[in-house]
Each structure stands twice: as structure tokens, then as C-alpha cells.
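Just the one chain here, laid out as C-alpha cells, in the form predicted alone.
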């Protein structure tokens, strides 16, 4: 049996080989499109086998690569609060004021904790973090070297102890000890950076003073806060004194003083010192010229003269063979913003020169160019065309911060879109912002609020209400806390697209955002609900919303009811057949010394007639008489004619009618 099985297998193998050979011959005679490719596979396989296998180098991953990979799989949750508040749910802000309060409180606590850790490093010696996190470990903030030496001077410089470093330098000079030029450079940089004052330490007592100074300069127009010197340059300060004591001065010493003078507002003195540098036959560096270019517009009054001074500095850079960098061209463009009409003629040529030398523009570059061509008072198509070209060039680009002014681009670009009412361009700006981590270039919370406020305003003006509400749920409150004007824009968008049925829902958001104490916003909401009649279901929701508005405002002692707001609430209650609640609101008119309109009183009388409430009609006429309104006579006549009254009620109304007619000045003149 086994032998017969072997014979059968041998027979199948031989016939199978014969069949395969015949089929290959048959296929070779037919013109299949892939025959040549099959014939080429064999030599290619042999060739690949003969080559040596190259093992790729081992890729080294950073310590947070896994965290970055996991983070890339998670999208932003639009319903969640900002990440900085997720550690403590109790401190989850609901309003813009709470956001500012909680964020400042959190930062203050962090600064106080770091100040305590740095002041007491002996209590924080163990490091449990893996990998090591340097910022969580205490920094050395106390002086360890007390002897008079250059090492002690460098220690004071590294710890930013300006006064202590100057004292140590003076002691070294008195002891006859020479200080190296490198240490002298660092000392001059420190003194000029902080204008001969000790810097504000984190958690120190001077923090509040610095914040107050920042708030004072925040509202000045034309220049950002970082451009306005907080501490003016003092004549013959320690930087100038040490500079004059130097036996030899190099360009680095001149550069330190000139940059410090420009930073702290001594522009004329900076140019005078630059003249001394040229007289000593020295050349400046790129940082020196960047500072002088920024200061040039401060020394001239006419626009042409300002540009001539900037052009002269650029020519001197070329003569001294100083290569410009990105900040050089950005400084030129920033200075052009204060050169009036000259900016338009020179901005684009500066950008072309920048690209010619191989320097890629940053967001600050484009921001300065947009500022040169765009004026809010004279918006035109050319302005949006320039922005469109910029966005087309930057489309899909992952941006990095290269200039401190980069964070101003997005808010400026959205302002142009808003003023030009260009929704498509606004979407392009938003799409660029959503690429990668470009959202980090929005700046601080203040700049972020400005950007999203303008974007939301543009949506409310130009977009369909369904899309507006979609963005509303997407960015509020995770990215943006709208101000009262933003909520007014939303109310107008709802009115434009006839979606007033959503006003009660918007009122809940107004309360949660803390804007229920804004009388103009609340009154506009009530006016939209009371402007026209709707279906019974909508009127019922409007009446409930009006009662909630009244209860919320009554719970605040500072509430001042206006006659129009009370009239709107009364009208909404009457339309929902809530006559008793409407009557209570009418009593508030009298309590707050507000006068109801004749139309409102007639509407209330009609509501009483539909219910057959004769007593309510009498009380209404009595209330009108208490206000001494001219409409009292007409109301009394209408009540006498339309209502089934008792004799007492008729007598009371007739008496009021006669009393009003007798007190009417027109009737007295006729008599």
C-alpha cells in the first residue's frame, strides 16, 4: 500500500512539472503586458542579493518623545477649561475677570513658592523626578564668595546682583586687581540691562510696583509696552562711570552702553556715544546697529529725515562689513512705521533686500509691512491684497518665534479682516493659526482675547448663524471669554437670521460669563424679546427668561431699573398671560419712580379685558392717576365702556375721570 502511494506521488510530481513547462511556453507566446517585468525580476533579485546589507544608525529619541507622540493623538476639548486650571477644579474660571484673577493668583503662588525654595535650598536637596527637571530644583540665590576676587564678581553677575557687583568691582579697583575684559563686558551688560538697578526678584516686594508700571504704559497708543522705557537712563550712572574708568575700550563696551541707552530712552546720548566709537576707529556689531536703527526716528521730526538717518546707518553697516540679521531688517521696518508716508515706498524694497541676502522673514516682518500699508481710517482693497499675499506665502507653514513682536501678527491680521469685512481672509488667518503649534504665537492671554474677539465679531457680522453658533461652542470658554460687546454682536447675529428663540439660552451664557451686571446688554436682550410676538411656546420661554432677569437684577443692590427695561419685562409677561407677575412689575415703576408708557398701560388693560378682570382694570386706572398721566382719562373711559363693573367701581372710575379732566391744562384754557 505504501509502495503504491509513492508511485502515485511520483507520477503527480512528473506530470505537474510537465504541465508547468508547457504553460510557461504558452505564456511566452502570448503578449501579456507584465511578461517583460517578470523576466526582469530574476536578475534584479540576484543583484540585490549580491549587495551588502547596510544597517541604519540607531535613532536617539529625546526623553519626552513618547509624551509628544501621545499628545499628538489627542485633540483639544472645546468644552474643557484651559489646561492651566485643570489641576484644581475649584479654580475653573467662568468669566474673563475670574480668568485674570485665577491666572494671576496661580502665577503669584508659583513665584512665591519658587522664592521660598530658592531662599531655603537646604530643605530641598532630594531629587525624585525622573528624568531630572532642573526648574523644580532650588537655584542658588545667596552669595557664597565673600572675598574680594574676580570669581566673586562673576558670581554676583551671574546672580544678577547689580549693586553688589558694582561694589565688588570698585573694591577690586581699589585693591589694584585687574579685571579681565570679558568680566567687564558682562558687568556692563548687566548694569545697562537693568539701568543700574537690582532686578525685580520673583515673589519679591517690588513685583506689584512693576505690574503697576506695566499697566500705566499699557494704554499708550502707537507703541507697545515693551518699547516704552519703564526706568529712564540716569546721567553719569555706574555704567558710564565704569566705562570712563576703563584704560582701553573695545566695541563690545560701546555696544553695551549704546544698547542700554536706547533701551532706557537716552536716544541722543546713544548716538553721541556712537560718534565717539567712530572717532576711536572702532566698528560696531549688529546688535549696536539694531538698537540705533530703532532709536533713529526719535531724533528727527520730518519723515524724510528719519529715513535718511536709517539709511545712513545701513550704509555704515555695509562700510564696516557688519552683516545684518533678521532683527536688523525688522528694526528697519519697525522704525518705518513711524515714518508716515515714507513707509509705503520703502517697506517692500526693504523686504526684497531682506530676501536677497538670504534671510527669511518672520511674523514680525509681515506685521510691520501690514502696519505700513494699512490704516484703519482708510481701508481699501490694496490692504487686503497684501495680507492675502502674505497668507498665501505662509499657508501650511509651521512657524517659530524669532522676534518678540511675532506675537502681534495674528491679532493685526484679524483686525484687517474685520475692518475689511473679509470673511474668507479671516478663515485663512485662522487656518494658519491651527497649523501645528502656531497657536502659541498668539501671545499672552490679553493678545489671545483680542484675536478671538475680532474673529468672533467678524463671524457674527458675515457668517450664517448656524456656523456662528458652531464657533461659539468651539472657542467659548476654552479659548475666549467674550466681553459685553461680543455678546451684543451675537445678539445682533441672532436677530439678523431670525433666531430669537435662542435668546433664553444666550441669557444663561451671559449669566455664566458674568455680564448680567451690564445694563445696556440686559436691556438689549429684553428689547429683542419684546419687539414682536412669537408662538406661544416661545413667548412662554421669553416670559420665564424675563422673570429670571428680574430676579437676578433685583438680587443686586446696585441695580437701577430703566423705564424701558421694566416695560419690556411687563410686555413679555402679558404676552404669556402672566398678568399677576406683570402687575408686580408695574408696581416696581412706582417704587423706582419710573413712568410707564401709555402703550404699556393700554396693553395691560387689554389683558385685563381678555380675562374679565374688572378689579385689575380699576387698579390700573388708579395707578395711572397716581402717576398723573394724561392717559388716565382715556383708560377710565375705556374701562367704563368695556368692563362689567360694580357701582363702587364705576363711581371710583368716574371720579378719577372727572378729576383728571379738570386738572388737564387744555381743559382749563378752554374754560
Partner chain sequence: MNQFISRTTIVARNRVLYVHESFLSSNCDNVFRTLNKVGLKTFCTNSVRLCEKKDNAGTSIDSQTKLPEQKEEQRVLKTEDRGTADRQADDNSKQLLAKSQQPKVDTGKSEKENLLDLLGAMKVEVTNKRKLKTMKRQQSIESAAQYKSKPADMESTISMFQKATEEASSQSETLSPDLVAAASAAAATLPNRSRAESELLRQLRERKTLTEAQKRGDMNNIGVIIADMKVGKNSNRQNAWPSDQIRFDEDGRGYTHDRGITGELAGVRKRRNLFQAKRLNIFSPGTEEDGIKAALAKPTLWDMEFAHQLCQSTNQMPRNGFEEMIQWTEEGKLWQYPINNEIGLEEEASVPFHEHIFLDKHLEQGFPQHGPVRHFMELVVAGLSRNPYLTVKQKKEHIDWFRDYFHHKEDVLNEADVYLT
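None of these values were measured; they are calculated from a predicted model. Positions refer to the first chain, counted from 1.
Below, we turn to the form predicted together with the partner chain, even though it does not appear here.
Just give me the single entry in 167, 389, 127, 599 that has a non-hydrogen atom within 4.5 angstroms of the partner chain in the predicted complex. Spelling it out, the residue with a heavy atom inside the cut-off is 389.
Heavy atom within 4.5 Å of the partner chain in the predicted complex - residue from 430, 411, 539, 384: Contact check passes for 384.
Any chance 150, 197 and 308 all have a heavy atom within 4.5 Å of the partner chain in the predicted complex? No: none of 150, 197 and 308 comes within 4.5 Å of the partner chain in the predicted complex.
Name the stretch: of 118 to 126, 170 to 178, 488 to 496, 140 to 148, exactly one has residues whose heavy atoms fall within 4.5 Å of the partner chain in the predicted complex. In the other structure, the partner sits against 488 to 496.
Would you classify residue 581 as touching the partner chain in the predicted complex, given a 4.5 Å non-hydrogen atom cut-off? Taking the distances in the predicted complex, the answer for residue 581 is no, it never comes within 4.5 Å of the partner chain.
Using a 4.5 Å heavy atom cut-off, state whether residue 274 contacts the partner chain in the predicted complex. Output for residue 274 is no: heavy atoms all beyond 4.5 Å of the partner chain.
Using the partner position in the predicted complex, report whether residue 448 sits within 4.5 Å of the partner chain, counting heavy atoms only. So residue 448 counts as contacting the partner chain.
With the partner left out of view, is residue 591 within 4.5 angstroms of the partner chain in the predicted complex by any non-hydrogen atom? Flag for residue 591 set to no.
Scan 514 to 547 and write down, in order along the chain, each residue with a heavy atom lying within 4.5 Å of the partner chain in the predicted complex. Nothing in the stretch sits within 4.5 Å of the partner.
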